[in-house]
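We begin with a single chain expressed as structure tokens, specifically the form predicted on its own.
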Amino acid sequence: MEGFLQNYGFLLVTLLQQSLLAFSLYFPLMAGQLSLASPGFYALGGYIAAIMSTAPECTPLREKLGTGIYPLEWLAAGLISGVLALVIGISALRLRGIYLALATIAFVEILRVICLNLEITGGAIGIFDIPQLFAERWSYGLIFGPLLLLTLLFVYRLENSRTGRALKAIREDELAAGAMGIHTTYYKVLAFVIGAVLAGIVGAMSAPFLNTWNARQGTFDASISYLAYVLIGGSRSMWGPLLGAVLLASLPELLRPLKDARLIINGMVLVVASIYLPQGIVGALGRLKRCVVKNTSPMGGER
């Protein structure tokens, strides 16, 4: 078991991390908002943790709290990401569709350029030698795993609550939802903020896991990857982001023996899934289940 964790521990933790980032994009999509801002908040959370762990100004705090500095970093990253998302969301979420996507992409790029030119963020080089929380990389599953379980529980409770029903109503028809008395702007901003807080916390947890942090952590490419996780897995089910992230994040590793050809196969999988699985893998499995139930009698025989 120890050998397995030594060989595949980094991959397993990465799957947990990517699943959480997929959920950070899933929350705005619950309200029908195509937001690609998650990598920006992820990068912001990582920078907050990296600065608090390495800046000389934070040395007295680190000496006083010891390992307690890490939960404080997660809290600070979540709060700052949430406040920034609230400020951005109030104005940006008035946009819809591709215009919102462009606005959130602009936010990611603006934040990346700012971090490239600030001394406190290490500029283009970034921040190195971030103190690690655990000696072994696979041990980071002890923080990413529980966070993923809490996220799944939160999503389950949210989808079955009044807020979740309001988000789904907005996703299906925003004008009709507004006519029914649902405060559409409030719920869209709420979903956006929840996703930003989760991305910020994941970023703060990822900084010591990766041991280094730079502007490449939050890019447009990352936005597309997170979006692919949700769309390929299924954007109408809480299991979609989890399934999509596990499949797409592990696929390059599974195809590693094929060397450069694995990139072509990875791209083909995305294209084929986008064409033939418009509702994602979870949606296709749901249709298959309904077909089986429809053609089978309660006693197990065919109708």
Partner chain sequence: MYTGEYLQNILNGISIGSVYAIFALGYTLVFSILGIINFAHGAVFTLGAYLTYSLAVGHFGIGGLLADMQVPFRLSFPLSLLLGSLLSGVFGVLIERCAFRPLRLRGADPLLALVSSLGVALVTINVIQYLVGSEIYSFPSEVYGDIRPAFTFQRGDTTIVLRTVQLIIFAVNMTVLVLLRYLISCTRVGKALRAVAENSSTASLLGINVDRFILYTFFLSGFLGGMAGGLVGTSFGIAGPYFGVSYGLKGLAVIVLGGLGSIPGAVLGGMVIGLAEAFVPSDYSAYKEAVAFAYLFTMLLICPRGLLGRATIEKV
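Positions refer to the first chain, counted from 1. Values in this document were obtained by computation on a predicted structure and should not be read as measured data.
As for the form predicted together with its partner chain, it is not shown, yet the points below apply to it.
Asker: Is I194 near its partner chain? Define near as a heavy atom within 4.5 Å, in the predicted bound form.
Answerer: No, I194 is distant from the partner.
Asker: Just to confirm, K168 within 4.5 Å of its partner chain in the predicted bound form by heavy atoms?
Answerer: Residue-level check for K168: no, no contact with its partner chain.
Asker: Does the 4.5 Å heavy atom contact test between T54 and its partner chain in the predicted bound form come out positive?
Answerer: Residue-level check for T54: no, no contact with its partner chain.
Asker: When the contact criterion is heavy atoms within 4.5 Å, does C58 count as touching its partner chain in the predicted bound form?
Answerer: C58: no, not in contact with its partner chain in the predicted bound form.
Asker: If contact means a heavy atom within 4.5 Å, which one of 75 to 83, 112 to 120, 152 to 160, 196 to 204 is the stretch that engages its partner chain in the predicted bound form?
Answerer: Result of the contact check: 112 to 120.
Asker: Just to be sure I understand the contacts: of L133, I182, I105, I143, which is the one whose heavy atoms reach within 4.5 angstroms of its partner chain in the predicted bound form?
Answerer: So the residue touching its partner chain in the predicted bound form, by this definition, is I105.
Asker: Select from 197 to 227 the residues with a non-hydrogen atom within 4.5 Å of its partner chain in the predicted bound form and write them out in sequence order.
Answerer: Sequence-ordered list: F220, I224, L227.
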